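Take a look at this one chain, the form predicted alone, written out in structure tokens.
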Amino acid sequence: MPETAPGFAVIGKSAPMLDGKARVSGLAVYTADMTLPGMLYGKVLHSTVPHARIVRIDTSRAGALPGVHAVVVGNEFPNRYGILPIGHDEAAIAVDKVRYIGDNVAAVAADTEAIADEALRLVQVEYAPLRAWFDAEESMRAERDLIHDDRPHNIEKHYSHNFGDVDTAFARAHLVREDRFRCPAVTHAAMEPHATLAAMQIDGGITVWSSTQVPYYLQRTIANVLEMPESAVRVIKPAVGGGFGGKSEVCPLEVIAAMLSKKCGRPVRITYSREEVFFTHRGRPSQIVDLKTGVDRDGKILAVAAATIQDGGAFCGYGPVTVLYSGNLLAGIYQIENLRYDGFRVLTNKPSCGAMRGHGTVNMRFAFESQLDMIASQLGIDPVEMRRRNLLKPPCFTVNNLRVTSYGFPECIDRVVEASGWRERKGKMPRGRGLGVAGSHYVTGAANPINRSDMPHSSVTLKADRDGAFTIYSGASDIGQGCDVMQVMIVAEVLGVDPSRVRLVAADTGTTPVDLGSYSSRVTFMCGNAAKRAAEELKKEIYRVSAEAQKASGKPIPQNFDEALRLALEASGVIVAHGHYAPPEAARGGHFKGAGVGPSPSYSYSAQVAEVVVDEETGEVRIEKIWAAHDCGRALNPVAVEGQVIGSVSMGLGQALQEEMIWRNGFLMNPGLLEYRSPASCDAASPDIESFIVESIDPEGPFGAKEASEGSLAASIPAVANAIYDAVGVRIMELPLTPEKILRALKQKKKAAA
């Protein structure tokens, strides 16, 4: 790729993150690093039982302990909340009953962590146990001891969609295949734990610093629970040490820290232990996928019927979005004219599941891309050719009204096929070595906001300063993906100035305009468009004011932008412009129930080839190499795109080979980074990754850009599963793809052949 894209001075040139030096030198300030005068330490008491009514809580001994300044229980702040307006079922501290091991029962604020820990040991809780539900399929049959009384059979949501004439299409299919796939729960394993510092102000307001992806939603939630006006709540996001979706919901400790600070009038900081982070969860749900696909003799997809059961844990969270993404996005990568989908989000007595990188799509793509390979094998069609025969023809609307404006998937396939030597090597490698291919895609932000509002999704204010610099005020949250430098690059490009002249103030609800947050890969497209529009407006205003000043004073006509800027600032003192973005109406989907989840202004695409070596004696899988091509529209910052693609692939490979949350009667057996095996650099799940940037140039993205941070993850898992099949001829239908499962499958295959 050239140093800069043709026709641009800044766009297309790799640039480091604005806080990159601070992060690598240890100078970056994370929430857990922060202290304030008089700060207290908060600790939370967690339930030791999975499902029970709270009969009595006695906090008197804890409150009397020297050094304890506040103790709170649920009935003091009972207002419920949730990230979605249809799911306000969660209290920061349990009010009537506990719903999972780890649920919050009480909290204290004390002079030291040791005193806070001692105070928690003095709290007495009496429980009346209820039947606990740990298996989603069993939970769906519940008649009593419901997790929430207003959710019959513990079903949080059931969506049923039917497009086209599915049954007729199946009837005329040459081949129909049905399979069941299972995926366990996995979690984010971010390096930085959840942490929040809350401080009541002398004017009656409260300021909250928190490791969050969604400052605006956190502001609203704290205002609701503490019964304060939103204007009295200020949320500031410091450096974030990894989000991946785990901090895109309001986390209970964020609200609890504010509760404690309000009660005692002192700053209170809560930092979760690693075990508490795991028990908070909000990761990818355990999921069963039943998939039925019918094709004609040439492998053209005629009909798809998919059903999924998601184990959502104890609360709604992002549940309706998670289960809808699994179904609605099925039609967004291949041509499917007849589609049926049934999605169940089921409550269980475990921590709530939520958004995790590739939210909603990852497990379904494992199933679909695996089944495509099975069908290709039965028909004798090359797996790459199978995918090419089912490509979309953009620009187009899918059968469920997703609008596809740019589609680099075919080029992604071409790039990885060529680089991997697929044509020359597929089917010609020694036994135990195999190649697998898979595709994936993702939204570039949600076309409909999760707060059901007509407000802009992103807003940016841009100010020209007398020192010749420009300051961006943006509510967008940089969580490591590089959206801060992205905004600087866009503004610098539009204004025609060096990026060093552009400053940024971000993610502070007290000083920056509203941005809905960092989730669903929305920031580059939405905030980037807002920043671009603000810069365009500022540039127009500078020339307008300078022209009026020149005309009034008779001064020479400005010969360049800097002269115009100087003249305009002399005349007005300050120049400010605003930019906003909301998706066009055409991108917002259909009118059926659940249609609002899945539509996006644009979609990214990825194709991957995995090369693996399988040891048939041990079942061990070694991933030799991954070739990954990602269609991100225009790459505004190529090094950032490459980093995100490699990070997505690495996270996907962890889920493919080793990651899973292991539960026993509602208790998490591996709540730590030693027991939960996310990939390290020496693992088999950390191979050589060769990435390719495909630029389809989206017509509505800022300078043509779209998603780059999540869409590659989902292809990694089925690419490895398909490569394992190519290597040793066994198909694993349940993640992770462990040696034990491979050995079992090899044994069964040998027995069947005998």
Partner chain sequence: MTLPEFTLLRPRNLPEAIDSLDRHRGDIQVIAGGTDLVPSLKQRLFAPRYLLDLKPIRDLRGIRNGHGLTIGAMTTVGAIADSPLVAEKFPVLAAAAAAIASPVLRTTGTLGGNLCLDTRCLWYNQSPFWRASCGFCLKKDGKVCHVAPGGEKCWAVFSGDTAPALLALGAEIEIASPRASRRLPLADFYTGDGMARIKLAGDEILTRVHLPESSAGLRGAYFKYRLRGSIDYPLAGVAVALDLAPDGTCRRGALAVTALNPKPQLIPGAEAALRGSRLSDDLLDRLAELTNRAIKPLSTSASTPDYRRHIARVFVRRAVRQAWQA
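Since the structure is predicted, the reported quantities are computational estimates derived from the model, not experimental observations. Residue numbers count along the first chain shown, from 1.
Quick note: we don't show the form predicted in complex with the partner chain, though the next part is all about it.
Of the candidates Tyr543, Tyr81, Tyr676, Phe163, Tyr676 is the one whose heavy atoms come within 4.5 Å of the partner chain in the predicted complex; the others do not. Exactly one listed residue, out of Pro320, Gly445, Gly245, Gly102, brings a non-hydrogen atom to within 4.5 Å of the partner chain in the predicted complex: Gly102.
For the three marked residues, Lys393, Glu424 and Gly436, no heavy atom of any sits within 4.5 Å of the partner chain in the predicted complex. Put simply, Tyr216 is far from the partner chain in the predicted complex: not one heavy atom of it is within 4.5 Å.
In the predicted complex, the partner chain stays beyond 4.5 Å of every heavy atom belonging to Val494. None of the heavy atoms of His69 is located within 4.5 Å of the partner chain in the predicted complex.
Remark: Tyr159 does not count among the residues lining the partner chain in the predicted complex, judged by a heavy atom distance of 4.5 Å or less. Comment: 615-623 is the region of 289-297, 88-96, 615-623, 426-434 lying near the partner chain in the predicted complex, near meaning a non-hydrogen atom within 4.5 Å.
Along 265-287, these residues reach a heavy atom to within 4.5 Å of the partner chain in the predicted complex: Glu275, Phe279.
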